[in-house]
Ligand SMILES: Cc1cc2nc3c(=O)[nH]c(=O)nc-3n(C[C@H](O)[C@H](O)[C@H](O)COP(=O)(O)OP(=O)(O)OC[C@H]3O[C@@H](n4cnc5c(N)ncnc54)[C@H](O)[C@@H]3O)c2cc1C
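Next up: just one chain, as structure tokens, the form predicted on its own.
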Amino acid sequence: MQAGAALAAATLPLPQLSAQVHREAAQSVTSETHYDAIVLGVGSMGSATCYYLARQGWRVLGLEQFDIPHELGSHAGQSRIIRKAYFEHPDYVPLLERAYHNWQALEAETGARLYHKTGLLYFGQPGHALIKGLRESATRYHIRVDDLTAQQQAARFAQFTLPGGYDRLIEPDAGFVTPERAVLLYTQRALQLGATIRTHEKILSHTTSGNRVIVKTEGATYQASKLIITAGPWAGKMLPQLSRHLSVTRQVVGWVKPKDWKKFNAANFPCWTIADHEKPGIFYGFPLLPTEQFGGPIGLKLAHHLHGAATDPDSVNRTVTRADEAALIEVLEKFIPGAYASTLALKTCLYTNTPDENFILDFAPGQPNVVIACGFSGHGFKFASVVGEIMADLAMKGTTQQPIGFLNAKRFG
């Protein structure tokens, strides 16, 4: 699908979905109830897990301490890049193939548009991990990634001004997925398929007794045969045996007004990544998205993929500083000179990082009734559609057909 057509595709209104979730969540609870599975955290991974469990006919309870969706964790912010030429590790590519399939299946099932194919530009020196890694994945799995000469890049994407010696590539089938809408759609479908979702229920404890798990919240006690923990930045607090391997960091995302609006809409401007040879990490961004289809914030979105300051998810400093803002403005003025006229919005989100920056998808150590999905290290959202399927299968079947061996919890010792 072409970018313009993708952005024009029908989408479901977010307020109606939110209202349905909250109506369901407001239903009365008994003091003690038994389920086949309980999911702790109904964000991107948890909502998808609830959906797959409910679709398979299991009696599932999803517990969320905030609203659905919310901006206090990792996976909000209107748009998230999805790509297959995965520089982080080529072993992710089969999971991405399944993720693409599952996103498209959800679109077919609901009639909504989640995946928007804009293409993704990669810029950086040939020896940078971004460039080396994406080339390795693309070669191994035959993913289309096209090299651009400096002249071709200047002709097609004149918004960018790049130093000599940078590789210039584009992955045509990459783009973005809308995170809030995805969470709402998975939650809505889970409810329609019989799941129970409770919001504003903070978890006090979870214990295992024989073949049962017992979850206590501020409002009730629940029992289930299986427990799935998809708690994002709060995973370390729920999994003390893994907490030393999970660090939470504060990240900043910005939306800016460009000097020429038309040059940066999705018809003229794709998603992009830049590995600045003078700075650590990777900068990335998106085209302008029309608010009548995507909601806010307004503006051209960008962020820096680099671990921020360590924080506690329950006491994050949400105030964005001038230094936070300046780092984003600097990269725009350096590489995309027409992109910055003024700042429109600045927000914080959280990364939950593992030591090797790869996920943990596994059974909790020593707890065969508990499965976990955590440590997404700032690059996990695009996998939500396959992680939900994996979690449901691990919990209820004890295994998964997806190749997740490299994401096991035992690798940290």
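Quick note: we count residues from 1 along the sequence shown, nothing fancier. Keep in mind that this is a model prediction, so the values were computed, not measured.
Form predicted together with this ligand: not shown, discussed below.
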Could you tell me which stretch in 336 to 344, 165 to 173, 319 to 327, 67 to 75 has residues with non-hydrogen atoms within 4.5 Å of this ligand in the model of the complex?
67 to 75
Residue among 222, 87, 284, 160 with a heavy atom within 4.5 Å of this ligand in the model of the complex:
284
Quick one: from 232, 299, 124, 119, grab the residue that has a heavy atom within 4.5 Å of this ligand in the model of the complex.
232
Indicate whether the candidate residues 58, 245 and 390 are all in contact with this ligand in the model of the complex, with contact defined as any heavy atom within 4.5 Å.
no
In the model of the complex, is there a heavy atom of this ligand that lies within 4.5 Å of any heavy atom of residue 376, even though the partner is absent here?
yes
Give a yes or no for residue 54: in the model of the complex, does one of its heavy atoms lie within 4.5 Å of a heavy atom belonging to this ligand?
no
Does any part of residue 80 reach within 4.5 Å of this ligand in the model of the complex? Heavy atoms only, please.
yes
4.5 Å heavy atom contact, residue 45 and this ligand in the model of the complex:
yes
When this ligand is considered in the model of the complex, the residues of 235 to 269 having a heavy atom within 4.5 Å of it are 238, 251, 253
